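One chain is shown next in structure tokens, namely the form predicted alone.
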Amino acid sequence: MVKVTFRPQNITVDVPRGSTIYEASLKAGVDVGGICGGVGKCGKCRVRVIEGSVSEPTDTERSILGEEVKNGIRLACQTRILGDVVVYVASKGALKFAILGYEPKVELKPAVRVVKVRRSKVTLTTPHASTLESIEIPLGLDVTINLNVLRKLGQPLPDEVYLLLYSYGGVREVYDVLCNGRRVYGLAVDVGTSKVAVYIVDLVSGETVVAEAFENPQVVYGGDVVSRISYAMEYGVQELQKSIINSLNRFLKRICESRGINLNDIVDVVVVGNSVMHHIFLGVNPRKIGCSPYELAVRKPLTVRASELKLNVNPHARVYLPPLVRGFIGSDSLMGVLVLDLAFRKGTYLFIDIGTNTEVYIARNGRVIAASTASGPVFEGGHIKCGMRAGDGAIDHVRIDSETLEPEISIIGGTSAKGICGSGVIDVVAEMLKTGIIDYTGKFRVTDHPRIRRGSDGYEYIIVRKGEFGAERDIVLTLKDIREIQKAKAAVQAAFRILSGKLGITRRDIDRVYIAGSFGFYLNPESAITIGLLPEVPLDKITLVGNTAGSGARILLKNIDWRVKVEKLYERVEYVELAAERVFHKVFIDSIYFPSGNVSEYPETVKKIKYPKTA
């Protein structure tokens, strides 16, 4: 075994000699930024080896990194550890709201509470004759107990005791009997395909005391849900489940130690995710979801013991998993519909949860219709030459001067420019359209300019030159990148066009558009409309709501009435399988154009990008 220390995180782990830095990062819970599953395709897992012995750069590294190799930059997935090493990983910090998301205020009514009771003493004349009855009488409830509680009841107890009481779904169980009150916590987990968001909620005050995230370790088995399904079909689900549970346990241990929280005081858990992540978390093979008719093993709400999943929290804690919708639409996007109350409001609302898999909902006067579309990792910087996730050093917004074609940029964290995240990519494409650098097909119209050159992936626009803003390389957007954006935005546009057709509505009928997901937090809505990712609606009708999946999970911890609400909600959602729609392929191809082949739905945008009148 060798030791790997990550800076500035100051985390050290032991791994077998010959492991990659990427594999070590997963064990350490350190996000190095890779999005291809560690196969050397994305080039995003750049790290700097400060000291120690590692393997020589591979041909893949030399091809992707070029001159950066000379400066000690390596790809974590390609670099094998030969001895103790110290590795520097640039901060992947993100705005807190992007993790927390919009959350309405709710009454505090958790499933697990610390209840103070004065025991009804047992005497020779009382009708009750046991210690258990002495606490049931003041509670006014018949309760179940575990063996540990039974043994405590056999010991001398004070007149007043504190009960750790679970109460939901007809179950009333005393988890523990305490002589003093104590603070207890709930754990909310949003298991995303690429990220896992973790929240710890104080169940006494309702305050969220931890809101953190780490990379889903399953990326080594594939960067998207289809790859995970393929792996599970061939090798089973055990390794996939083990990787997420072990990483979550390590993460909880480290974060709780730093915050002074006892893991045994985490007494309730809520887990949300898409259908594939949900099944894998439970150790259920998702193979049936991988092909028509995309059958789920279960979609109703479930409650299991944390101990059954080997989660290192209170052994009696229960894990609540909200219902799934159907196919690839899971409980994560359903949380957005829940917290925004879309199914119980009058009006027409479009809700889009943008990610590797994008879920699109339209709610109209209480009717809710939904679809899922494979938009790919482009919005998280994947499949983009200089792309990266939103974090320190990522270019998140760009404006191009219409006269000089020179860019103005903003960088997350105010640090040196390292790459460009999804929102920045969308800005660049929108600006290139408005300045005439590219046309409605995505083809470069301007090629004779200092900022434009021909590269290995066709023409490319130079956003930042090496040396500008501290960049260690040229940061560009290529013709190939534009094609990737076209496919991704077409998938989303096709979804809301088909759903709109089902409801007989147009963009003019939409009262509000809600954009969820961490990517959505950074999004410039005007740019999103310009490229056709969103319908053309007034900008004041667009609201960015952050990670509503995590928000919904926290609400389900805080108030059990909302569990009842979501259990009624999922049955009302009408699912549309886009692949089964005869018009899908036609609409998708039509949506490839900027902003759309259906120009009548983008009258103002067409004017901005000089869309041909004959097109």
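When you see a residue number, it is the position in the sequence shown, counting from 1. We call the rigid core the largest set of C-alpha positions that still match within 1.5 Å between the two forms. Note that the coordinates shown come from a computational prediction; the quantities given were computed from them, not determined experimentally.
The same protein also exists as the form predicted in complex with another copy of the chain; that form is not shown, yet it is the one meant from here on.
Residue contact with another copy of the chain in the predicted complex: residue 150 places a heavy atom within 4.5 Å of it. Another copy of the chain is not drawn, but in the predicted complex it has no heavy atom within 4.5 Å of residue 366.
Under a 4.5 angstroms non-hydrogen atom cutoff, another copy of the chain in the predicted complex has residue 285 among its neighbouring residues. Interface residue remark: residue 444 is not counted as part of the site for another copy of the chain in the predicted complex, having no heavy atom within 4.5 Å. The three residues 129, 132 and 156 all sit with a heavy atom within 4.5 Å of another copy of the chain in the predicted complex. Distance criterion of 4.5 Å from any heavy atom to another copy of the chain in the predicted complex singles out 299 from the list 299, 487, 473, 541. Residue 325 is the only one of 325, 191, 378, 313 with a heavy atom lying within 4.5 Å of another copy of the chain in the predicted complex. Per the 4.5 Å heavy atom criterion, another copy of the chain in the predicted complex is contacted by stretch 139-147, the sole one of 415-423, 211-219, 493-501, 139-147. Taking a 4.5 Å heavy atom cutoff to another copy of the chain in the predicted complex, the contacting residues in 574-602 are 577, 580. After superposition on the rigid core, the Cα of residue 504 moves by less than 2 Å between the shown form and the other one. With the core held fixed, residue 130 shows a CA shift of 2 Å or greater between the shown form and the other one.
Core-aligned CA deviation for residue 121 between the shown form and the other one: 2 Å or greater.
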